[in-house]
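Just one chain is shown here, as C-alpha cells, and it is the form predicted alone.
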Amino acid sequence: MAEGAEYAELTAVEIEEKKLRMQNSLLASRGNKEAGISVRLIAAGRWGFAAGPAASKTAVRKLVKAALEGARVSPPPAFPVGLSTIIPAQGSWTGPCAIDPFAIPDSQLADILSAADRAMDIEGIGQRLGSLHFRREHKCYVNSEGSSNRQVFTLSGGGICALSFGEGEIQQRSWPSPGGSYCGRGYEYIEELALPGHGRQVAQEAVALTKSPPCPQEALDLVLTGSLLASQVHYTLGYRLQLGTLGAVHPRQAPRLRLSSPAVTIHADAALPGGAGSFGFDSEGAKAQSFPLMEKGRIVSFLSGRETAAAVGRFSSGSMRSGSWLNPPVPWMTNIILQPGTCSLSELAGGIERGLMLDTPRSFGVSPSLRGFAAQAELGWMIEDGVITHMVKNPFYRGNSKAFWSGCDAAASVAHQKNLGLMDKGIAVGHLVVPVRIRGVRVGESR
C-alpha cells in the first residue's frame, strides 16, 4: 500500500483506436495508440487521484506521491470517505469478438462507407456522412484489498447520416442514430448494421421531410422506437438512478416515489454478452452484476460504486466506470434493458386515435435537476384511427420525466427488441429496448 494511504488502487490501460469518416465521398481516417496508469487512493479520509503515461516503477511512484499530495491538499470532507465491503475478486475477462476489426484492411472499411455514400447520393441530398469507430482496450487492475483482474474490451460502432437542404431548412435522417450505434463486439456488428443497405431509405426520407407538413401543435399519443427511445431511457431514467449524479433520486425517496407507470420495468446488466456497456469487473474490481433497477415503475435498486453505496447503507452494484484512464471513475450505466411487453408494433399504433410514431433523436436535453427534458425527433409518422398515415417534420416534445413515463401504458414484445449503444461522456452504454406507447404528450414543431 502507498505510504500513508488507507486504501489504494492502480489501473494500467493500453488502448488502440481506429476511426474512419466519409463526407461526400471524401475519406478521412486516423489511428491512435495510448497507454497510461492511474492511481486512486484514500488518505486522511480524502480521495487522491493521479494519472499519467507511466512506463517505469519510478514513474508509478511519482503518481502515487502526486495522488497522496492531492488527497492532503483537498478540502476536508464533511465525513471521511467510506467504502462498502466487497469480496476481493481475481480473474480475467475478454469481450466477444468474432471478427477482429483491427485485422480488417482500411481499404475494406472504406469500401463499406463508399457503398453507403453512393446509396445516399440522390437528388436533394446536400451532405452525406458515414463513420466507423473501433476501440480495443487492455486493462489491468489491482487494489490494496487483494482484488486484481485483467480485461480486454473490443468496441465497434458506426452510422450514416443524410442531410437535405430545403427552402430555409435542413432535414436529416440517420441510421441507426446521428452518432452511430456501438456494441461490445467485433467487426461482425458493422456487418449487422448494414449501413449501405439503409443508405437509400435514409436519403429518401431526408428529402421527403423537406416537403412534409409540420408536426401539429397538440396533445397526442406517442409511440417511441429505436434510438430515440434509447435516449429517452438513458437521460430520463438511467441518469436518475446513478447514485452520486446531480439530480439523481436519493434512496430515502425511493419507497414513496414512482418514476413511471407499472408498464415500465428496467434492468441493468453488465454481463450482457456483446453489450456496449459490458465488462467482467468494474473500475473498483467488483464483479459484473445483473439486477433490476425499476420494477413496474418502482425503484428497487441503483447504479452505485463502493463509496456512494456505503453512504446510504448499501453494497456496491459494481457500476463504477470511467471514460478515460485520465479520469477517476463514477457510478454509471452499464447495459440498460427495457423489459418487453406483449404487444406488436401494429397493436401499439392500433390503440391510438390520433398520435405520432417517433424515431431517431435530432436533439435531446435534460434539465440540471433531471426532472425536465426536451427532445426533437428526426422524423414523425402520423397515426390516425390506428393507422400510420403520413410523415411530419420537426416533431418536438418536452415535459416532466415522471409525468411522461407515467403515461406509458404498453410495451412491444421481444420480437421488436433492438440492441443499441450510445457514447456519453466517453463511456459506452448499451440499451436493449422495445417500442413503447405514451399517452397524452404535448407535441409541436420545433422553432
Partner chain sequence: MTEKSRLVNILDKVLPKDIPGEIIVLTQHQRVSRMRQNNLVQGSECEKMLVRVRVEEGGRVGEEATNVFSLSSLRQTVARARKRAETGPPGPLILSGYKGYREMSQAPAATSTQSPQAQAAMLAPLADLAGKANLLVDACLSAEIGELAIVNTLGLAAHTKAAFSEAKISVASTTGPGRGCGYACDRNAEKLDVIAPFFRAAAKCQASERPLPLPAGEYTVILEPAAAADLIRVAAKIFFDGRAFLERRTPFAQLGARLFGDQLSIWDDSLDPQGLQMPFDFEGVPKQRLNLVNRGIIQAVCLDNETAAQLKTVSTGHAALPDSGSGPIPRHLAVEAGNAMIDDMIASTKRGILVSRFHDISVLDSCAAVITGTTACGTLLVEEGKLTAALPDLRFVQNLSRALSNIEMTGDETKLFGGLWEGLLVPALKLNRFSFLTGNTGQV
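Residue numbers count along the first chain shown, from 1. These figures come from a predicted structure and were not determined experimentally.
Quick note: we don't show the form predicted in complex with the partner chain, though the next part is all about it.
Stretch-level contact analysis of 203 to 211, 285 to 293, 263 to 271, 106 to 114 against the partner chain in the predicted bound form, using heavy atoms and a 4.5 Å limit, identifies 106 to 114.
Of the residues given (392, 408, 51, 383), 51 alone sits with a heavy atom within 4.5 Å of the partner chain in the predicted bound form.
Between the partner chain and the residues 152, 257, 312, 366, the one pair within 4.5 Å by heavy atoms in the predicted bound form involves 366. Taking the partner from the other structure, the partner chain in the predicted bound form has a heavy atom within 4.5 Å of a heavy atom of residue 400. In the predicted bound form, the partner chain sits beyond 4.5 Å of every heavy atom of residue 281. In the predicted bound form, at least one heavy atom of residue 362 sits within 4.5 Å of the partner chain. None of the heavy atoms of residue 388 is located within 4.5 Å of the partner chain in the predicted bound form.
Contact check for 28, 74 and 168: all three have a heavy atom within 4.5 Å of the partner chain in the predicted bound form.
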